[in-house]
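Next up: a single chain in structure tokens, the form predicted alone.
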């Protein structure tokens, strides 16, 4: 059917029997008084514009607040139409673009796109008081001769402790067991202007034979902790001095946060809470059953 025929058929539907039966874009209600349009099938931009205007008018009558349109990359031709109707970009993923518009007279409560990137730093200490360290081929440390702990970024849907185990394995070939989160640091205006959360973790080695990753890593070794801490770069840069101080504190009994599984009441999905298990368990008392 041609575009003109489609529009003609639509107008016949709108005006049939003199009744204002408005055809709208398919949408589902969200949990916050808005609607989500998840476009899947191709549509002519003119027809899309007509349906979108009619839908917005109806949603306003219904008291809706936030309007979301999810466009797969194959329907990128509809972006201009949506923008002309008042929508703006919210976020983009490899296979879709999300647009949003606030139509309520109240102040917008639409959350901004994800504002933080999450990363880890992994301290791996063996029984000889040696720390697993790497030299990187690229990035800020390239060519500086600095030995540093393995680091990396959490993948989508990946648990924090799993990231630490994976990154150590990928960079050094060492298998590890996650122990605790020792500390975390927040910084701003870094990767694409986003903020950054980095969690400092400690892991126990389960293997010791190094298998270096060639793509990103220049060298790997087990280094005596005192030698690592004595590097001029470490001594001059406060964030890295804290790593050595925390490692020393761990040897004196410093307790971090270990993961405990929990299930959400709302969706029954498994996640983890990080707690000071030692002090938490010691603080729990049970009544005498005798």
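Numbering follows the first chain given and starts at 1. Keep in mind it's a predicted model, so treat the numbers as computed, not measured.
Heads up, the form predicted together with a further copy of the same chain isn't pictured, but that's what we're talking about next.
- Listed residues 174, 134, 182, 123 were compared with a further copy of the same chain in the predicted bound form; 182 is the one with a heavy atom within 4.5 Å.
- Listed residues 128, 194, 204, 211 were compared with a further copy of the same chain in the predicted bound form; 194 is the one with a heavy atom within 4.5 Å.
- In the predicted bound form, a further copy of the same chain stays beyond 4.5 Å of every heavy atom belonging to residue 60.
- The closest heavy atom approach of residue 34 to a further copy of the same chain in the predicted bound form falls outside 4.5 Å.
- For residue 170, no non-hydrogen atom is located within 4.5 Å of a further copy of the same chain in the predicted bound form, even though that partner is not displayed.
- Proximity of residue 29 to a further copy of the same chain in the predicted bound form falls outside the 4.5 Å heavy atom cutoff.
- Contacts to a further copy of the same chain in the predicted bound form (heavy atom within 4.5 Å) from stretch 55 to 69: 68 only.
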